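Only one chain comes next, encoded as structure tokens, the form predicted alone.
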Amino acid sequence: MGIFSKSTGGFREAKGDLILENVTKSFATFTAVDDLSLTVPRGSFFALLGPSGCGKTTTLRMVAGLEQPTAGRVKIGSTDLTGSRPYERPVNTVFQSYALFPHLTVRDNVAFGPKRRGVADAVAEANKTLELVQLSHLADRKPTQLSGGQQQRVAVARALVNHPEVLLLDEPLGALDLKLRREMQVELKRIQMEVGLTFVHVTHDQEEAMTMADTVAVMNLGKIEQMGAPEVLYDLPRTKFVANFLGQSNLLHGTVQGTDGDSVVIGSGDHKVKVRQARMATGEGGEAIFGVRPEKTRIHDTDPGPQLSGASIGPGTLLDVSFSGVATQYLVEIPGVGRWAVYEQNLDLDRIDNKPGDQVWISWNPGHAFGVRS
């Protein structure tokens, strides 16, 4: 139990960073969250990203107080919230289902929480919050008269009106179509920046997390594989899982064969590639996995030559060419390596015009390659 009793209301006064210390959640047959520690800075937009079953929603539920950890502590600032109930915490949650009261107007839905707490100017608070989410003109409508995106903003307003220290977003955009989802990504980020609250967003959608969050934590099997700014995670993944989960990666499995200047040489069959030591997640010797993003590669119809030694691979067989207007995607089968993708913007007038079955090579800028752990 935390340091405050129910009567003091101390839990709801907690302020500061959201801190999880060695949090574990075990059920009868499996461990959903395994010794998880992280700090979410106050006022930041933080995303927990991962596939279904990775433990992200269980983590969110422990922050909300809907689940209690088997071990470890959940804190806001110096206040230990472990053992406290959801209504005692300065935390509100926006769910995918919105859970709006269908018989109440938008204004009354938003004012519901403040009224229950006995706030004297509950309606005025609701009006101010509806202005924040740009829904003042719909205050007298019922939820069924709103679009999905509008209902989602009402749900956000209903959570924000309680002035939580932390706002939890549980797959909040999952019920929206693609166009609305993208609009709401921008809208949620605007709201977060305007109110300055800590937002913790749980999602399996990579684009959603990377578009909105200041920091992304990629979860897998109850643990955080990697955490950092979206651009850092994408440009320099540290594990095979992160490299494949955040976008698409071309990977080569091999062994470390030595160094060449500031680069590590990785060999796989007849192929040798180089990765700058600062971009390697593995130590010297042993197995290594080389990676490069498809959009960081180029395709050639002739061998690019020794000037790109360690930064090219081939020859391979072109399997497929997909033209999408702004870009062309090539799929190449590399003997002893597997299938690699090349994603080139259609900028050059001398773009190759090869067909499936042709022999091609792939090259990249050495500074874009990375080495990951399995």
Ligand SMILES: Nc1ncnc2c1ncn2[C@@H]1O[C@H](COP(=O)(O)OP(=O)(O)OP(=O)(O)O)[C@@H](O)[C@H]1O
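The numbering used is simple: start at 1 and walk along the sequence shown. Not measured: the values here are computed from a predicted model.
Beyond what is shown, the protein has a form predicted together with the named molecule; the following relates to that form.
Trainee: Does at least one non-hydrogen atom of Gln307 fall within 4.5 angstroms of the named molecule in the model of the complex?
Mentor: Looking in the model of the complex, residue contacts with the named molecule do not include Gln307, since no heavy atom lies within 4.5 Å.
Trainee: Residue-level question: is His204 within 4.5 Å of the named molecule in the model of the complex, judged on heavy atoms?
Mentor: Contact with the named molecule, yes.
Trainee: Wondering, does Ala32 line up within 4.5 Å of the named molecule in the model of the complex on heavy atoms?
Mentor: Because a heavy atom of Ala32 falls inside 4.5 Å of the named molecule in the model of the complex, the answer is yes.
Trainee: Against the named molecule in the model of the complex, would Gly338 count as a contact residue? Criterion: heavy atoms within 4.5 Å.
Mentor: Gly338 lies outside the contact set for the named molecule.
Trainee: So which stretch, 329 to 337, 34 to 42, 54 to 62, 316 to 324, is the one near the named molecule in the model of the complex (non-hydrogen atoms, 4.5 Å)?
Mentor: After filtering at 4.5 Å, what remains is 54 to 62.
Trainee: State the residue from Glu171, Glu225, Glu187, Asp80 whose non-hydrogen atoms include one within 4.5 Å of the named molecule in the model of the complex.
Mentor: Exactly one listed residue reaches within 4.5 Å, namely Glu171.
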